[in-house]
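Here you get one chain, nothing else, as structure tokens; it is the form predicted on its own.
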């Protein structure tokens, strides 16, 4: 007998969006189960029995799942589409059903971006609960002090009552001639513009930011604007890494 799964997990597995975005669809009344609108997040469905639709279009769980690494260049939005017709990262990726970027990199931020149609995997990579590490190279204004580093490493207050988790931060280089510091950050959270806000909070605004890694994945072999599919071994390793941590 097929075990029932949560509706938002079903929608994510159908490749419609991340699980968090699927929860928003449910809350807005866009999802129906067996013809009835459902807004309760805890609703469970049987994939073999229940009929699920979004905006009155039937959806089913995907059989073919795709996983890509993109070296995102500056000047691209991290979104599936843009109402103002600006370039998005989807312009650089293959046309596959349900493909979407995992998380977000700012317009001017470069580096490693995952794209997939596996919403459940995307959710686990980005949710801090699963502690998937993201690595960044960060160029900041000023010669960073020990006090600023201590604040970044223990967790930084980036807004009233909003404090980040501790970050791993090390100094790669202090450039006295240009009054800059090159830092390496490793974090597992994904708050909006988190590293930029952390560095500004300690008095060292970011000049450039590049994500260089997610878990064991790196940019090796890629040029800005290029992508590659994950190998079957990489998908297996990523699945083991995320699904063996605090499963629900």
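Computed from a predicted model, the values in this text were never measured in an experiment. Positions refer to the first chain, counted from 1.
The discussion below concerns the form predicted together with a small molecule, not included here.
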- Item | Heavy atom contact within 4.5 Å of the small molecule in the predicted complex, the stretch among 163-171, 102-110, 146-154, 86-94 | 102-110
- in the predicted complex, residue 69 touching the small molecule (heavy atom, 4.5 Å): no
- Using heavy atoms and a 4.5 Å limit, would one call residue 194 a contact residue for the small molecule in the predicted complex? yes
- Message: So in the predicted complex, is the small molecule close enough to residue 31 to count as touching (4.5 Å, heavy atoms)?
- Response: no
- Residue contact check: residue 183 to the small molecule in the predicted complex, 4.5 Å heavy atom: no
